[in-house]
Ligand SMILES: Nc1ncnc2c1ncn2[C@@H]1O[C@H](COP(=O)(O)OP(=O)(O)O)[C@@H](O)[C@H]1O
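Below sits a lone chain in structure tokens, taken as the form predicted alone.
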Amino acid sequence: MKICVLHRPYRNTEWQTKFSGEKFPDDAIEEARHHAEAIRANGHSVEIVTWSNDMVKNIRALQSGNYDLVVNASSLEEVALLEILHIPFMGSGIDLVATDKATRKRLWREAQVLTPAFALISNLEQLSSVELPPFPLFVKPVRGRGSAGITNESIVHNHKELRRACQRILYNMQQGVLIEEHIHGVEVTVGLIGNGADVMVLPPLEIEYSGQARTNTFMHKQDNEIFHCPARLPEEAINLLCEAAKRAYNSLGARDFGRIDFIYVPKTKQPYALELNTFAGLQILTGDEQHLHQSYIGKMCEQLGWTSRDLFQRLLAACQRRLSEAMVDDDTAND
């Protein structure tokens, strides 16, 4: 195939920059090169295309390339344009990407996927009228990635702390605030590859906090986590997490790959689904990277003994199978 790897500068840090005002090293080009090398190692032709603020330029670049597939689309705008242009791409579609974390949690409730109780606000005045779960609470942006907007102060114990945490997100990030019941337990994330009944669940990864971290903040994710893969949990809990991840993934209609974050409560043996990451990182580090951080899915793959080539072989196979099945369905519908 002729494959395009999209590179959007600062894709992993843009939301945190809005939140904190700080600028962080851009690892996006290293990430794109990693993916391109892994795809090329599978025998495909690869070109890296840099996403621009000029939409006409993006359209020309994508259409003129005559690509069989686009990889690394990582924003609502990219996914929307690819669907408009009818260019096949790896990953979830606009129907899921356009939904925020609160909407996904509502869909999980309907599918009987356990998730913390929550409230959503779009301004501070709503704090006096919205029905909140009991304290302590966890405050986060309703959109974003990489724990952008999350600090130790995201865990709040009273109305004063709640108001301060909400205000910072509302004013700095210009978006709604998700206020969740804070669940105490073990943080575990589960990667998935594939579609529907053919989904493969990767070994659950436990994230232990280091230093003064009370939760997995943006800064904590800059290679400060302590990883345990598989998670240090009984086999029964591992199986429960894998089944919950599969149900959470499929109930939202995720495509090709993704990652579900959980808090597992050993006392009650319950996994609470926190978020689905449709743009989960896929890099497996070699040690030569300058700014690129390890991905959680990459750590899971290392546990399986996979290389980047192995991972992308499976990702591309899952994507091609989905696209082939969709083509057959369209042909059948047109007969």
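Quantities reported herein were computed from a predicted structural model and do not represent experimental measurements. In this text, residue numbers run from 1 along the sequence as written.
The protein also exists as the form predicted together with this ligand; that form is not presented, and the subsequent description refers to it.
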query: Interface stretch in the predicted bound form with this ligand - options 160-168, 70-78, 257-265, 228-236, non-hydrogen atom within 4.5 Å; finding: 257-265
query: Contact flag, Tyr209 vs this ligand in the predicted bound form, heavy atom cut 4.5 Å; finding: yes
query: In the predicted bound form, Phe89 touching this ligand (heavy atom, 4.5 Å); finding: no
query: Interface membership of Gly144, this ligand in the predicted bound form, 4.5 Å heavy atom rule; finding: yes
query: Proximity of Ala36 to this ligand in the predicted bound form, heavy atoms at 4.5 Å; finding: no
query: Complete contact of Phe138, Thr215 and Leu274 with this ligand in the predicted bound form (any heavy atom, 4.5 Å); finding: yes
query: Single option in Asp100, Glu187, Glu83, Glu153 placed near this ligand in the predicted bound form, where near means a heavy atom within 4.5 Å; finding: Glu187
query: Listed residue (Ala148, Leu241, Val201, Val113) with a non-hydrogen atom within 4.5 angstroms of this ligand in the predicted bound form; finding: Ala148
query: Within 159-193, the residues that have a heavy atom no more than 4.5 Å from this ligand in the predicted bound form; finding: Glu180, Glu181, His182, Ile183, Glu187
